[in-house]
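Shown next as structure tokens: one chain only, the form predicted alone.
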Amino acid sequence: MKKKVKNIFIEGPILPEFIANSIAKHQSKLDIGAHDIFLGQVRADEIEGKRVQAIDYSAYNDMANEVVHDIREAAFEKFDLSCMHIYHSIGRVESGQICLFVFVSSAHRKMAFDALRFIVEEIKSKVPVFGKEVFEDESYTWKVNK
């Protein structure tokens, strides 16, 4: 039987309204004592004298969604979480805009802090998402995660 895998991708930047709405939905969950949030933002890095204007994200969607599913499962096994949400941009995201939103909730803050770090590091090291850093003259280079 094939596992049910949620799509993590949002076309373009992750907007502040989307983030705020996601957080607001948790106010009625009274067993939660802590939320922790990671927001990945596109930097206007300078590379070889050129400034990054945007990142154009692409991915092996099915594979990426399955890897994130596995990361979610591992995090729920390792940490006592109430819920978790992971969203990543696909397509063009301008410098200064949000491209990754990870939101975890638990009864206590330490669990939320530890889980969030684990999840973000797993995403950055394992999920097949690729970023083409686009410069002001529309030339580009492929992003290398650090």
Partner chain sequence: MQRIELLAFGQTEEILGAQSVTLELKEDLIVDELRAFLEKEYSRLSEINYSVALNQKGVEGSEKIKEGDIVAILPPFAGG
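Since this is a predicted model, take the numbers as computed values, not measurements. Residue numbers count along the first chain shown, from 1.
Unshown form predicted in complex with its partner chain; subsequent notes refer to it.
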Can you check whether F103 is within 4.5 Å of its partner chain in the model of the complex, heavy atom basis?
-> no
- Task: Answer for E46 alone: is it within 4.5 Å of its partner chain in the model of the complex, judged on heavy atom distances?
- Result: no
### Task
Indicate whether its partner chain has at least one heavy atom within 4.5 Å of a heavy atom of I14 in the model of the complex.
no
Self-check item: Close approach of G40 to its partner chain in the model of the complex, 4.5 Å, heavy atom
Solution: yes
Residue within 4.5 Å of its partner chain in the model of the complex by heavy atom, from D70, D114, D36, E94, is D70
Counting only non-hydrogen atoms, the one stretch of 105-113, 28-36, 76-84, 54-62 within 4.5 angstroms of its partner chain in the model of the complex is 54-62
Applying a 4.5 angstroms cut-off on non-hydrogen atoms, the residues of 101-131 near its partner chain in the model of the complex are K124, S125, K126, V127, P128, V129, F130, G131
